[in-house]
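The chain below stands alone and is given in structure tokens; this is the form predicted on its own.
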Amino acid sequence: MKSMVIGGIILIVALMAGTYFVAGDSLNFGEDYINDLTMLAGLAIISITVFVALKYVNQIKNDTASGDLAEENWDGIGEFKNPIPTGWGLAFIGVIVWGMWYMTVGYPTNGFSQIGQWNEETLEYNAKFESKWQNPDADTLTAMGESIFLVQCAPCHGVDAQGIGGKAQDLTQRLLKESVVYAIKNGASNFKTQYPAGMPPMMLTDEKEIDEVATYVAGGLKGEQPASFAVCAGCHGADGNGMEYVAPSLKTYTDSVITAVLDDGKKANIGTMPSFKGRLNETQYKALATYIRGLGE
């Protein structure tokens, strides 16, 4: 028994040292009580687990079963009619009580949580932001949009917004010819929030007509309009300015186009852009749209 106790103590020290080696760099006692409690709880669990394991190993080695056997047996293996250990019973009831507390009043339903605190602070900040910038002028929107672009968009689109050599959309112009060809052949139906009907694929099937329309749209809808553009005009309008809730503008990045891309993400010939929904508020949407519209001017 003495050797087991010594071995157990050595095991506890080794486990504690291993725990501190792995997580100790994030622990500085006294700075954050949650981290302190977490580390102390971990050390307590290690100690309790080792001593309980040693206790039952010792019982297995030395104790002799006693008591009244039940009448039933299974292949000669019987069961004593002994009451459950008091500690087990208390632990079982304690777990039930703790579980009820946890599900009704404990974390995270009504108790403190770092995520909840972060959400509260974010909502409070957004409310202050929207109150402060209810009616920003064009210069303020542009400056705000530039800041948002550099943080949220530049990592993929580049600081100059030209798409980093084709890795993302070139935002200095509304549409590239390759993007128009892809949309005509594959459709565009992921802007559900702003244009729920979407665009079906193969609105044009003739390669010559597809090339003419793509060249015309990518060129800013300038020059002679190809006859086959009439198919597009049904939804995008004869002037290409789009229709609310029907089809986006082909000329410029309107607020609706930017909102659709941010909320729904985008799938095109280059690849897939994830949704940014929830990251920005309405004022920031307008600011970003204002800044991007000004890039090609």
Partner chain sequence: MFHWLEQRPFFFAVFVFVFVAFAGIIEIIPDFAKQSRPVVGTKPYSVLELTGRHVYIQDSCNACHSQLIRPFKSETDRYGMYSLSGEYAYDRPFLWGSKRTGPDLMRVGNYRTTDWHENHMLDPQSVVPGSIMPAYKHMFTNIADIETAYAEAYTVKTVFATPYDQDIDGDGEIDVPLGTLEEAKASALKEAQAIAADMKNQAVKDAVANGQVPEIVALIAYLNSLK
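Positions refer to the first chain, counted from 1. Small disclaimer: the values here were computed from a predicted structure and weren't measured. In this text, rigid core is short for the largest set of C-alphas that superpose within 1.5 Å between two forms.
If you look for the form predicted together with the partner chain, you will not find it shown, but the lines that follow are about it.
Quick check on this chain: which one of Gly234, Gly271, Gly42, Gly67 has a heavy atom within 4.5 Å of the partner chain in the predicted complex? Result of the distance check: Gly271.
Tell me, which of Gln114, Ser131, Asn135, Thr205 has a heavy atom within 4.5 angstroms of the partner chain in the predicted complex? Of Gln114, Ser131, Asn135, Thr205, the residue with a heavy atom within 4.5 Å of the partner chain in the predicted complex is Gln114.
Just checking whether Glu178 would be counted as a contact of the partner chain in the predicted complex - the rule being heavy atoms within 4.5 angstroms. No, Glu178 stays farther than 4.5 Å from the partner chain in the predicted complex.
Hey, in the predicted complex, is Ala154 touching the partner chain, heavy atoms inside 4.5 Å? Ala154: yes, in contact with the partner chain in the predicted complex.
Taking the shortest heavy atom distance, is Lys55 within 4.5 Å of the partner chain in the predicted complex? No.
Going by a heavy atom distance of 4.5 Å, is Glu224 a contact of the partner chain in the predicted complex? Outside the cut-off, so no.
Candidate stretches 211-219, 192-200, 81-89, 179-187 - the one whose heavy atoms come within 4.5 Å of the partner chain in the predicted complex: Checking each option against the 4.5 Å cut-off leaves 81-89.
Using heavy atoms only and a 4.5 Å cut-off, decide whether all three of Ile93, Asn126 and Arg279 touch the partner chain in the predicted complex. So, yes: the whole triplet contacts the partner chain.
Threshold 2 Å Cα movement between this form and the one not shown at Ile84, rigid core reference: After core superposition, the C-alpha of Ile84 moves 2 Å or more between this form and the one not shown.
Did Glu72 shift 2 Å or more between this form and the one not shown, C-alpha, core superposed: After core superposition, the C-alpha of Glu72 moves 2 Å or more between this form and the one not shown.
After superposing the rigid core, is the C-alpha displacement of Pro200 2 Å or more between this form and the one not shown? Result for Pro200: no, shift under 2 Å.
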